[in-house]
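Okay, here we've got a single chain as C-alpha cells, the form predicted alone, with questions on binding and movement later.
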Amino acid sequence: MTIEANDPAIAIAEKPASLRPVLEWIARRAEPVVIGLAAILIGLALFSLFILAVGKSPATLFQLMYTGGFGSWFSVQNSLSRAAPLLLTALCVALPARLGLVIIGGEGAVVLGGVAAAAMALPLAGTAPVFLTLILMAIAAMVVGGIWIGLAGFLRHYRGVNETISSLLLSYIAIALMNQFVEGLLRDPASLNKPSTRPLPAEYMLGNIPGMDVHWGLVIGILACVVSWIVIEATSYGFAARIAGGNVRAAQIQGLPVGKLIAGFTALAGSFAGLAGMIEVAAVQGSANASLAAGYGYTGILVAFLARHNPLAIIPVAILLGGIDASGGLIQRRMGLPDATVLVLQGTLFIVILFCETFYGRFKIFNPDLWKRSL
C-alpha cells in the first residue's frame, strides 16, 4: 500500500462531486476548531507536568477546576460574571488584529475607563436619573478608552511606532494615572486602607439579569461581540480592514484609507475595553480603585487568540476562561495552591496557542485547494 493511498485528502477528493461542496465547507471550518482544541489539550498536558512537579494531582486539580467553574448553578453564574469583561477586552485585541495589528495594552483602557466612569458619576449621583447617569458613565469610559488605544494606532500609522510596545507601555502609564487619581484628586477621604473614589449609591449600580445572579455586563459584552462581527463581516469598513490586514501596500494602491482604518479600529477596540472598566465600577466594585487592574486586559489577549480573533467565537472562549478564573479560589482552598496557579495555566495555554498558530494552512486535509493536486 502506497503512502498516497492512505492520504485522507485523496480519499475526500475521490468522493462524489455532489458531496464536494459540503466537504469543502466542513474542511475549511474544521481547521480552527481542530487546531484550537489540540492546542488546549497540549497546554493542559504541559500544565499537568507542572502540577506533578509541585507534588499535586492533575486529576484533582482539573476536577476542582470544573467544579469551581461549571459544577453548579452558582459556579456557572460566577463564571458568566467573570466572562463579561473578558468579552470586551478580547475585542480590544481582535478588532485591530483584522488589520494585522497586535494590541496588548487593553488593561490600560480598562483602568482608565473605570476611572472616567467613576469621575462622571460622582457629580451626577443623587441628582440625575439612574439610566442617564449610567449612559454618561459608559460614554465617558468608551471615549477615554478609545483615545488611549487609538493613540497606539495613531503612532503606528503616522510615526511607525510598534503598536505592541506602545500599547503595553501606555498600559503601565494608565495604571500609574489611575493610582494618582484614586489616591489623590478623586479619593474618598473615608477610604483609609484601600484608596478609592466615593462609592456609587446602590440605586446607581448596574443590576442583575432577571432570574440570574449575573450583572447586565454579560449582555452588553455579548451584544458588543455580535455588533463587532457584523461590522467586520457585513460592512465595507470590515472588508477594507481585512484587505489592509492582508496587504497594506495593496490596500494603499487600491486607494483605501489605511490610516483612518487603523485609527478607527484601534479607537473602537479601546472603547470596548474602556466599557469593561465602566462595568467593573458600576456592577462589581462600586467605585474606582486598584482592583480595576485585575488582569482582564491581559486575559483578553488569550481569549482573542484562542478565538482566532473571531468576535462570535470570543463568546464561548470567554466563558471558558471565566470558568477557569472562577475556580482559582476553590483550587487554593482545597489543594493549597496559590491563586497564581490559574495564571500559570493561562500562560501555558497562550504559549502553546501561539506555537500552534504556525500549523494553520499546513494540513492538506483542511485545504480543499490542495485536494485536486493530490489526485
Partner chain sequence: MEETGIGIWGVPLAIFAGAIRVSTPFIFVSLGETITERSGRINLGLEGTLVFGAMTAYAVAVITGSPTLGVLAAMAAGAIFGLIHGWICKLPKVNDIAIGIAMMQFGLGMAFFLGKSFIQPVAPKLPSIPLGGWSSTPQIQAALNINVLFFIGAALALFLFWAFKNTRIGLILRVVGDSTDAARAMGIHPDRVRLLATAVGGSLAAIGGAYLSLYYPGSWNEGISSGQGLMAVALVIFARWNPIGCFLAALLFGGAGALGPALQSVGVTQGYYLFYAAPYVLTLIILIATSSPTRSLAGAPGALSLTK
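Treat the numbers as computed from the prediction; the structure is a model and nothing was measured. Numbering follows the first chain given and starts at 1.
Unshown form predicted in complex with the partner chain; subsequent notes refer to it.
Note on contacts: among L177, I147, V226, L256, the single residue with a heavy atom within 4.5 Å of the partner chain in the model of the complex is L177. The stretch from 262-270, 153-161, 276-284, 73-81 that comes within 4.5 Å of the partner chain in the model of the complex, counting heavy atoms only, is 153-161. Proximity of P32, F239 and N310 to the partner chain in the model of the complex is absent: no residue of the three has a non-hydrogen atom within 4.5 angstroms. Taking the partner from elsewhere, L354 is found to have a heavy atom lying within 4.5 Å of the partner chain in the model of the complex. Among heavy atoms of L169, some come within 4.5 Å of the partner chain in the model of the complex. In the model of the complex, at least one heavy atom of G361 sits within 4.5 Å of a heavy atom of the partner chain. Using a 4.5 angstroms limit between non-hydrogen atoms, L186 is distant from the partner chain in the model of the complex. Taking the partner chain as it sits in the model of the complex, the stretch 104-124 comes within 4.5 angstroms of it through a non-hydrogen atom at just one residue, I104.
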